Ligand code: F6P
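The chain that follows stands alone, in the form predicted on its own, written as structure tokens.
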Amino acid sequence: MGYDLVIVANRLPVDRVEQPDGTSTWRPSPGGLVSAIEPVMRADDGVWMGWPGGTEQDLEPFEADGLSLHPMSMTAEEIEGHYEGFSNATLWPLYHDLVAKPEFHREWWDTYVSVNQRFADEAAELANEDALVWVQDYQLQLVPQMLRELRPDLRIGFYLHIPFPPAELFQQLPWRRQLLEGLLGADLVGFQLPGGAGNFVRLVRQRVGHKTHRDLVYLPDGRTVRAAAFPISIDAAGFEELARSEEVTSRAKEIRAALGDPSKIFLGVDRLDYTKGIYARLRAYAELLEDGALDVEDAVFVQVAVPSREHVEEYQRLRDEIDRLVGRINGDLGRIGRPAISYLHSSYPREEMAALYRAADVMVVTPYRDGMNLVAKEYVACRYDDAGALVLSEFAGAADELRQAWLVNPYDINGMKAALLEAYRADGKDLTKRMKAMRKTVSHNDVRAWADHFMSELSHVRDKHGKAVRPASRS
């Protein structure tokens, strides 16, 4: 069976859940991507192909919540070389301003190429004639060109969910030209910010030698590739509805009570990743306590660190560092029943996150580099009371839109301390003015608008003669 729309992603939008009786079932993964793409898939007879996790082979296509899903298998060697290796130990740190040192291994690259080829081959089989294929993220940057060679009739889009680095960093990559040419297989290449699109076009001009003009790349075969920013967002209405529910309202009160009803709760919610700036943020908070600017009787910092890539050595080391720091801060500055930092190394469902957002007075989002950071937008969406403060790194993509937050340089500990204190002391009138403006931005530019904008642009791709290609069906 063929499809008019094929979503190609590293992961399927579902997680396997083991039942008490030993059987397994699938549940939707948390995250905004599936909520954004689901309506588009339903409207356009779509299929989502990706890896479900694990090493199980010969998985059959299946349906979950009415969505057609096509699982791709991975061997243990492919997980190590493609996913944990090239994707997350080479590309991830390179694309995040070298916050950690990238590793360049030829064996990882070879595995990355072979996995990308397998995804491209499968997508070519699944797509109807003139179908629309949307490839997602850094794990699959070679797929557009591989797919183009197999199926020149397709309209191919690619979206990068993480930052795209400047030439000075990208040029370190031994396979820089191959990745650029891989992306040029797409008709439309989407980035979080205009800076990422600009970096890509400049690199194509310098390293591949194609003619460019503004956001367009002109290929020798007459094809034109467009690189543009499509800032991703969240299901703002869904989060607000959740935040308004009786269960979440009640749970938010319980959280405050469990923390000893402090006058102010600071909150950090991140994957446990070295790009997120957790260590520096907690250090800044601890110094405010040491300085006497804050007191553990009045304030507490709740840090949720969601487990991430636990088999990668760099992440194991980071967890140990954070564990030691939290222990030291609480040992030095906490009191009985009043820890300075309430640290949670766990993942939570959306309802619990909404309750935490409702309970928190100051949300602290201070990554060293982030493509967007949806936690910042989730917090804003949940603050229907127009209260709460957001302290936000200027190196998160969200800072381009949420200009009313307290913007900080996460490398500047004193600047971060000053912003935390300002947010802590801000009066209600200032908080309301800032939050209202941010909420207007988030509700207007929600995740559905993001997906519709990208799909609309891709549906109107023009062929080399300037003639409009038949748009995909839209609802």
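On a predicted model such as this, the values are computed, not experimentally measured, just so you know. When you see a residue number, it is the position in the sequence shown, counting from 1.
Omitted from view is the form predicted together with 6-O-phosphono-beta-D-fructofuranose, to which the following refers.
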I need the one stretch from 102-110, 316-324, 262-270, 134-142 whose residues put non-hydrogen atoms within 4.5 angstroms of 6-O-phosphono-beta-D-fructofuranose in the predicted bound form.
134-142
Heavy atom to heavy atom, is N199 within 4.5 Å of 6-O-phosphono-beta-D-fructofuranose in the predicted bound form?
no
Exercise: Y83 in contact with 6-O-phosphono-beta-D-fructofuranose in the predicted bound form, heavy atom 4.5 Å
yes
Taking the shortest heavy atom distance, is W92 within 4.5 Å of 6-O-phosphono-beta-D-fructofuranose in the predicted bound form?
yes
Does any part of L126 reach within 4.5 Å of 6-O-phosphono-beta-D-fructofuranose in the predicted bound form? Heavy atoms only, please.
no
Here the chain is shown alone; which of H210, R369, R309, R223 has a heavy atom within 4.5 Å of 6-O-phosphono-beta-D-fructofuranose in the predicted bound form?
R309
Among N330, N88, Q303, Q404, just one has a heavy atom within 4.5 Å of 6-O-phosphono-beta-D-fructofuranose in the predicted bound form, namely N88
